[in-house]
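In the structure tokens that follow, the same protein chain appears in two forms, which are kept apart as structure 1 and structure 2.
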Structure 1
Amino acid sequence: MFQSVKQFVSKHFSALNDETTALNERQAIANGLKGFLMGLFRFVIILGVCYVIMGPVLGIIANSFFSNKDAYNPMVYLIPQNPTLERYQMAIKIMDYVPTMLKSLLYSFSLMLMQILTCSMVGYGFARFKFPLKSLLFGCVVVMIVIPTHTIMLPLYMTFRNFDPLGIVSAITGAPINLMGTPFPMILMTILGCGLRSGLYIYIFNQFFRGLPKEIEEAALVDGAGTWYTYFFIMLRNAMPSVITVAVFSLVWQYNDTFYAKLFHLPQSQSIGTRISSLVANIANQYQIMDKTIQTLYLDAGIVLMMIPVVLIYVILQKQFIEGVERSGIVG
């Protein structure tokens, strides 16, 4: 009797274990299939996003090597059958590429240094000091980010077309100064903290400095450091991730800017963007190339030449830039 009961219990538990094992296997298969489908879905989404972003860029790069035959051959797509460098040779010659690029980079780099210095000081002041109308002034910084620049283009033009702050210039020279056609409008705006995207940079620095512990400044104060020494040699060094972020943003946006360059009639030698915008007209006037399709190929070559410095800057500073973006997003 006892032996039969033992055998029954043994068979029952054996069957139960087999069912549990089968259930676990089915659950594992279901989880694996679910993980595979989710991974496939993410891959398709990422691939689609990459195509939307990189598709036009790859098309521009491919078109810049097209010959005239390739441009009108419906069987050619992305890979030219008769590749040529003539588009680049012409674009380099018309744009006066190397001198213009060096001057444009020097101009953008100078404005970048001004923006880092000014915006970091303003952001540090908002993060650490209390003063009257602080909230109102910080609201003005947010307004600089939100309001499109095109809405104030006419006041900006009139201000620098007849530059006469508080009538001081007229009192000295007898007439306002016309700053159009010079880099001084951009320099003055950048130094005074209202340059291209300066509101965003002030916000980034403010958020970063707010996240740094105040004990750092207190320790520096105990050691006898003043406000300026603490800012330049302690706080600004600790804010290096945000400095790299702002530096990359500022350099790229200043380099690509065409709005202020056209508004203030910036010389073409200081803005590669204005060279690009006039490339098609110069090709039509100087070389009598009136075919719109062929003109687009030269324009694509000029765009690729313009992109090269930006890509190199990003490749060199990629690690620091990503770290700065992450730190700026987490802090605050």
Structure 2
Amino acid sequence: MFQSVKQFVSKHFSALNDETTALNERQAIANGLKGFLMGLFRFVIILGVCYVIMGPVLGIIANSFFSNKDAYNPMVYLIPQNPTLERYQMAIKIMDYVPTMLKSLLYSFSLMLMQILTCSMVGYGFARFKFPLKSLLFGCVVVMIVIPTHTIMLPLYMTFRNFDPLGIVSAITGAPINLMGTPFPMILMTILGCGLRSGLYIYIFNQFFRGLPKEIEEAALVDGAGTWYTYFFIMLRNAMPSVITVAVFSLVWQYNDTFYAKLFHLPQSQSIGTRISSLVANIANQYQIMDKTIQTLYLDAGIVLMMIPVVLIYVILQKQFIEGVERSGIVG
């Protein structure tokens, strides 16, 4: 009797087991198919969007090698039939490329250092110290991000055109000085934490410093480090991810900027962006090339030349940069 029950149970269970295995197998196949289809869907969408982003860039690069014949041949698409370097030679000559690029990079690089210094200091101040009116003042940082720069462009222009802070300059030289056409307006604004998108950088640093553990500073204090020593040699080193983020952002955006360069009449030899804007006009005037299609080819070559340093910096720092943006969080 007992034996038969046992037999029955084991038989029944094995049948049940087989059924479940079969079910599991079917489910596994269905899941695998679902996963594959989802993967395919994702692949197609990501590929499509990458094409939308890269397509025009590739188009510009390809166009810059087109000869006149290729530009008018509707059969030529992306791959030039008679590739030519003439566009580049001309663009380099007209834009005075190498010196302009070096000066432009130097300018952006020095402003980048100032941005990092000032914005990290201010961000640290907001993140770690308690003082009266703190939340109101931090609200002002947010206001700075939100207010478009063009709202204050005229007063800035007037201020630097007749530069006379508190009447000191006119007391010494007799008249306010004109700072237009020099890099000083931008340097002054950047040092005082009001440069190109400084508000955003302050915000990034503030978020990052708030996320660092307080114990680091307490240990430093116990070991006898002063506030400024702690900041420069301990906190700033720990903030490397956000330093890299801000460095790339500010270097690239400063390099690309034409708004402030135009507003402060930065000389063309220092700003490659304004050189590009006048490239087409220069080609039309100096070389009598009036054909719009051909002019565009020269412009494309100029743009490729302008992109090269930026893309190089980006490719080198890409990994740290993206991780930095994600970790140091523009996010709260």
Partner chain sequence: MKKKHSLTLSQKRTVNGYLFILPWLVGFAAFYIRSLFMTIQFSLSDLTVGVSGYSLSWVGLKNYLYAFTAHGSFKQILTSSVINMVVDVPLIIFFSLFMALMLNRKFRGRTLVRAIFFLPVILNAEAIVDAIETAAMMVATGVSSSSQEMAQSASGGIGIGYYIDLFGNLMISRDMLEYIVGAVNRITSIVSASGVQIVIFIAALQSIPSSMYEVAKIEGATGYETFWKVTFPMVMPHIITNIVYTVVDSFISSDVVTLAYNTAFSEFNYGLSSVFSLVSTVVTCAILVLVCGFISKKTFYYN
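Start at 1 and count along the sequence of structure 1; that gives the residue numbers used here. Because the structure is predicted, anything quoted here is derived from the model rather than measured. In this text, rigid core is short for the largest set of C-alphas that superpose within 1.5 Å between two forms.
Between the two isolated copies of the chain, the form predicted alone corresponds to structure 1. Once the rigid core is used as the reference frame, the Cα position of I177 differs between structures 1 and 2 by 2 Å or more.
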